[in-house]
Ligand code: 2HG
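Okay, here we've got a single chain as structure tokens, the form predicted on its own, with questions on binding and movement later.
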């Protein structure tokens, strides 16, 4: 009660919520990793107000958990121990657009789709894209270094952050890089805050880089014979062109999207795997090259069938085969793993995982899909209808060390784009050495000496 009374000195009644429904809603993210139990929800409207809150939290003390669109899948925005949740949804303005630098200055609560629309209105492009772009926040994207479907051409969120304004865990405001293209003046703290999941401080503003619009994006979906043919087809197209997206999904994934969403299958031919290829169809020569490569892959027996979009609507419909998977399988209570290896290691990784899954998950339906172009695969185990959720999660959890050991053996990542949060915290050593983790803890202590910023995420709470 003392903390909430103190909060009312900073936030008016429209910026402070303590009712049970709000606590339950804002205290969780899509992961539902634990039961929400926050103390209060606050809605700052400026960097200075965030600074006042952080200084108060250090004095009182109480802990803080950042909240954006709450679309995370690793428990990074869960508030389960009487923390104050800091929602950035009122800091939702695009403050400036610079046509010469091709940048947009955004508050942390700007929705990803909002930035994409601004770019399009200016005949430009913001390429970081994923299924939750209509609800995720730019601040959250930066805090988790979000990836998505365009990484093969455009890279991760960090590639598009030209500057940041942050409030550190000690209450200092840092204005980082000022939107510069070149800046060789020591440590780039901007990069340390990207992917830090709110554990070092809170992002309040970001200068985001934009680029030119792609021309006539065209989508091709290919039915692939087997795992070995996936990489051969992938390489054939990569050798001839620069795709904007390369996505992989399995036969069962298509079947569930068809069942749940009514999306028609791309063609009659049945295939165990499907490859979605997007490219700029900017000239007749480009289309001819794509068709020639398709014919080559078909003649080799790698590709069983294929279809290419002829207009924007057809392209959107083909994309739904991939983008609607996550929502379609939510009805089955999936257990998700978000894994990455080097692209060249994907065949060996898939082969080893198939053996492991056959051994440990014979009774479960397992779905593959992911960003084949950047080595990121999503492994989803679906809960049987007659199995208790807790028992299902327990069974899946038993196999995690085996899966993560395969990842470690290939120098891969146990979390390609979902972050560490709560769910991957205990497995961090499979991707990071003890020396790296020690350095990360040291950075945490430097920026957040009292440990009030999103405690328990990435690292176990000390003491």
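On a predicted model such as this, the values are computed, not experimentally measured, just so you know. Numbering follows the first chain given and starts at 1.
Just so you know, the form predicted together with ligand 2HG exists too; it's not on screen, but the next bit is about it.
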item	value
Location of ligand 2HG contact in the predicted bound form, chosen stretch of 102-110, 368-376, 184-192, 264-272 [non-hydrogen atom, 4.5 Å]	368-376
Option touching ligand 2HG, based on a heavy atom within 4.5 Å in the predicted bound form, out of 225, 232, 336, 153	336
Residue among 157, 87, 380, 196 with a heavy atom within 4.5 Å of ligand 2HG in the predicted bound form	380
Ligand 2HG contact at residue 28 in the predicted bound form, heavy atom, 4.5 Å	no
Ligand 2HG contact at residue 73 in the predicted bound form, heavy atom, 4.5 Å	yes
Any non-hydrogen atom of residue 424 within 4.5 angstroms of ligand 2HG in the predicted bound form	no
Contact flag, residue 209 vs ligand 2HG in the predicted bound form, heavy atom cut 4.5 Å	no
Triple contact flag 45, 49 and 137 to ligand 2HG in the predicted bound form, non-hydrogen atom at 4.5 angstroms	no
Stretch 389-427: residues contacting ligand 2HG in the predicted bound form, 4.5 Å heavy atom cut-off	417, 418
